[in-house]
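One chain comes next, on its own, written out as structure tokens in the form predicted on its own.
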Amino acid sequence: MTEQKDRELYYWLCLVREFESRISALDKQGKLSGGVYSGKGQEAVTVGFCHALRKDDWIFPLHRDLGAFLVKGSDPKRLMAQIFGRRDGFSKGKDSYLHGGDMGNGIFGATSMLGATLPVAAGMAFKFKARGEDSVAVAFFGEGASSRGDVHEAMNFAGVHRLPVVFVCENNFYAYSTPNNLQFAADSLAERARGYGFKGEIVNGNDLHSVLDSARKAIARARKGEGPTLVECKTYRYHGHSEHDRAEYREQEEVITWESRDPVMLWEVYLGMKKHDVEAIRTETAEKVRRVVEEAVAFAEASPPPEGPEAMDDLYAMPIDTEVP
């Protein structure tokens, strides 16, 4: 990997981390409306998978996948405006960040029923196959969402029709406060792929190299018509389920152990092993991402809130026949 690519990936990891940290701070200041679900600690998963995608590929992120928006091409300013619930956000202030999508960049908005977008991802992949397009759909979900029936239905349908879709499980070991041993009896979620007739694999979700390698192979298989892949990324969220969750169900030693496997720190170790000037890169990148986030916050704060009558806009598609009222 070239030094330019090394630096680019480090930039994305740091930008996502800084965005997450700033949003947590803004939430504590009472400047945001709606829930905040930090993905701090899980950056390698979204950076690794979305970095390998093309403009015409589609992703289906969840509430903890802010990084997916940034790496897939969303404007940081509009993303922040979406989080603030302002008119310049993707949905003009109607939805929280959780439900906002960015259709121009191939990002489908999620629902509160986590995992419910997987059938939509399978449908998108079915469209790609039916039209002979070589685009790919990537659907993110958590180990808790894997217990939902529509997740099973999406994977079964995708397996039967060998669809160009990659199912990415962000297994952070807790579905809110429910640990894995109370969520499923299998040793891993990746084992389920065999029952659907396609490949499943487990990846260290904190190691960006491992995620990049798995993403590249899974996306290539899908693009060549070889069917879906289920990738289970073992990772960890540093914060609770949401900013109001103190996560007292976790032992402090467990949190510290996972923080010692931090994806940003691991990439810095890699940069150092390649004889790059890590301190200089860290300083330069920190200033760059700080500037991007500061500009995004300023843009969001300056963006006006939506007006009441606007709540009824964009509820239905515009009629093709302009003569029809």
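Start at 1 with the first residue shown and count on from there. All of these numbers come straight from a predicted model, not from anything done at the bench.
Keep in mind that the form predicted in complex with a small molecule is missing from the display, and what follows is about it.
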{"property": "Interface segment, criterion being heavy atoms within 4.5 Å of the small molecule in the predicted complex, picked from 205-213, 224-232, 83-91, 107-115", "result": "107-115"}
{"property": "F126, S135 and V166 each touching the small molecule in the predicted complex (heavy atom, 4.5 Å)", "result": "no"}
{"property": "L79, heavy atom within 4.5 angstroms of the small molecule in the predicted complex", "result": "no"}
{"property": "Partner contact for D102 in the predicted complex: the small molecule, 4.5 angstroms, heavy atom", "result": "no"}
{"property": "Residue contact check: V71 to the small molecule in the predicted complex, 4.5 Å heavy atom", "result": "no"}
{"property": "Close approach of F198 to the small molecule in the predicted complex, 4.5 Å, heavy atom", "result": "no"}
{"property": "Contact assignment for the small molecule in the predicted complex, among A145, V120, A193, I219, heavy atom within 4.5 Å", "result": "A145"}
